[in-house]
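Coming up is one lone chain in structure tokens, specifically the form predicted on its own.
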């Protein structure tokens, strides 16, 4: 039985696991192993623990179903303090950081003397570890020997117990987070500004458009895709903030500045109830997924980022 010339000339379908595909799989195998071992496996372990009686001092691991989920969702501290704190922290931090970063990016996008020095100063918060920055700010606002109270007393004002009151402590935490993340917004938005085409701006200058109208009707619409990506990434990250809050106030005073991540940590490792902490973490993960979908849909109506 002979093979016809037509069959010989017919192009062969590429194999699903050809030499090139096997090489690509070999390249991503270490990253996939690390992802599975350090991300997927802990998530599955936590999900399994959330349905069991898993106290760290007496891990019976008996199946209790949704008991811990009902406890977290009926906890007044979680519903009335933790969730509002987390949502307010996320909204205020992202909004203020975005506005300040946009202003700094617009300033740095212009040519002026000392711009390189200002850009270097802008990078300083990005070079500081969040825990180190939080420790510095905690010492600055210490009511006994902090530099903020010393400055107030130097001008005749009385010092304040900043970290002993709910809203002042919450404001200090917000200020620290905004200070750390504003340069991140500024750098990304500056890169977006510098990548915009120059022709629309030249046409607007010929037409005599004012700087505000140019910014309002040209710069902002063309910068929206970058802004959307920044908002989505930062909002998800702000929801799970832990290090700054734990270092500055540890959720105090009296758990009044507690965020979601602090709540899950306290339940798992302070109350020694790993199952309840895992249930809180799974609830938070579900909230993050829903928030991410809502944020993306809302922002996608503002600008089509999916295309």
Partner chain sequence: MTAASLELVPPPRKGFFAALAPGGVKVLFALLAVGIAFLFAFPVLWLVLTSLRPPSGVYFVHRGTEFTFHNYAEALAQPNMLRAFFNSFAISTLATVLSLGVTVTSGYMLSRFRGPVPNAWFSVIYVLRCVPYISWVLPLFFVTRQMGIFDTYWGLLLPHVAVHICFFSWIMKGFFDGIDPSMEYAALIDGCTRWGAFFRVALPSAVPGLTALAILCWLYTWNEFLFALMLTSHKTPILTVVMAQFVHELGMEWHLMSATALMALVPALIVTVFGQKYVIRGLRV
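Residue numbers count along the first chain shown, from 1. These numbers come from a predicted model, not from an experiment.
This protein has a second form, the form predicted in complex with its partner chain, left out of what is shown; the following refers to that one.
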Close approach of residue 65 to its partner chain in the model of the complex, 4.5 Å, heavy atom: no
4.5 Å heavy atom contact, residue 298 and its partner chain in the model of the complex: no
Residue contact check: residue 217 to its partner chain in the model of the complex, 4.5 Å heavy atom: no
Partner contact for residue 46 in the model of the complex: its partner chain, 4.5 angstroms, heavy atom: yes
Contact residue in the model of the complex, from 173, 104, 81, 163 (heavy atom within 4.5 Å of its partner chain): 104
Option touching its partner chain, based on a heavy atom within 4.5 Å in the model of the complex, out of 99, 88, 132, 73: 132
Candidate stretches 155-163, 73-81, 88-96, 199-207, one within 4.5 Å of its partner chain in the model of the complex by heavy atom: 199-207
Residues of 78-97 having any heavy atom within 4.5 Å of its partner chain in the model of the complex, listed in sequence order: none
